[in-house]
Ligand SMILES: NC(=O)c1ccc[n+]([C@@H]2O[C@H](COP(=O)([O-])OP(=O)(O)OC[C@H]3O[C@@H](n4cnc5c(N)ncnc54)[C@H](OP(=O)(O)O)[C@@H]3O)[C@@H](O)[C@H]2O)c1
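Starting off, we have a lone chain in the form predicted alone, written out as structure tokens.
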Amino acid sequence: MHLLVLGGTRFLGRHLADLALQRGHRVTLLHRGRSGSGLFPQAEHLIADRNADLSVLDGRRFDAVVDTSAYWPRQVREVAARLAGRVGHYQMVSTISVYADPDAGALTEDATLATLADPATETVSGETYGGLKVLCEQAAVDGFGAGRTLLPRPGLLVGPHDPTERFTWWVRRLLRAAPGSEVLAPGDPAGPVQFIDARDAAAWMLAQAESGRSGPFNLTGPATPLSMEAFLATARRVLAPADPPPRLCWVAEDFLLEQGVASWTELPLWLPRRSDGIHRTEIARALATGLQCRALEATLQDTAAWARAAPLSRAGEGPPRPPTGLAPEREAALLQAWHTTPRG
């Protein structure tokens, strides 16, 4: 199979390209040459800015295309204008943020999709990101046809080479935890947590390209429910096996919200009960088509090995993101306040 990956040198695209090459596929990577330009010398590299000129695609044919870097529908329409009729299978990597009401219950692929008050906006924010991806999905189906278009909707992608630090922050936090020290654990210990190792997402996506499957698929994990307590307990055991081990101090969500702690960003993965719907996403359709999620221990170990050698990431591509994680001083102050605040 001849596979084109748009954005194939960063995170998800990087893992996908690596796996495709390992499996003997012919791989072409289209990117701007700004990150990972020395990766995969055995692949063909097309250096282009998709926002300026995609003429390098004119006349080309591919068995499959995976687009990991579309944020605006015009970007998808431009790819379709260059390649429609010369592509067997097209994947537009979307997001579980496409749903209009993520807290309405367990999210299936048939849930109502988000809409934008201004469909012409190009401002990417927490309010517009999902709606823009919906428009990208529609542009993909219009340009390549429903029967040739797969719409993976990933949840939080984690693992080595993650530029967001949203999962890696917890890895770094447990790695630096002193024996017997306290680690702030947020909210309800039984609260749900979902994420997927980007390597598992890439493996599933490559298999779908090989089979030519189409349609929308929620793409997150793990295969069985995971709580925040189980996640942090496993992370502590794998990453901080000191004697005595660090202690998880569970701090109530009402207190954290009163203190102005930002869920998801200051305390990654954590969402208050009233807004944790994206951690309840149904993935039966992906599991039925071959999705396999590796053990959490493996993701933690591999992410730690990468994080030890990798500087803190401040990704300059993709949608703008606030800083990730609590500063040590802020965490210490919150723990002190929690311990000294009277509770009835």
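Just so we're clear, the structure is a prediction, and the values are computed from it rather than from any experiment. Counting begins at 1, following the sequence as shown.
There is also a form predicted in complex with the named molecule; it is not shown, and the following applies to it.
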Options 69-77, 112-120, 136-144, 248-256; stretch whose heavy atom lies within 4.5 Å of the named molecule in the predicted complex:
69-77
Decide yes or no: are G8, S35 and L157 jointly within 4.5 Å of the named molecule in the predicted complex, with each residue judged by its heavy atoms?
yes
Picking from R213, R82, R166, R172, the single residue whose non-hydrogen atoms come within 4.5 angstroms of the named molecule in the predicted complex is R166
Have a look at L287, A310, A298, A48 for me and say which one sits with a heavy atom within 4.5 Å of the named molecule in the predicted complex.
A48
Report yes if any heavy atom of T149 sits within 4.5 Å of a heavy atom of the named molecule in the predicted complex; otherwise report no.
no
Although the named molecule is absent from this view, report whether L107 comes within 4.5 Å of it in the predicted complex, heavy atoms only.
no
Even though the partner isn't displayed, in the predicted complex is V93 close enough to the named molecule, meaning a heavy atom within 4.5 Å?
yes
So, in the predicted complex, is H279 in contact with the named molecule at a 4.5 angstroms heavy atom limit?
no
For a quick check, can you give me the residues of 12-47 that have a heavy atom within 4.5 Å of the named molecule in the predicted complex?
L12, G13, R14, L30, H31, R32, G33, R34, S35
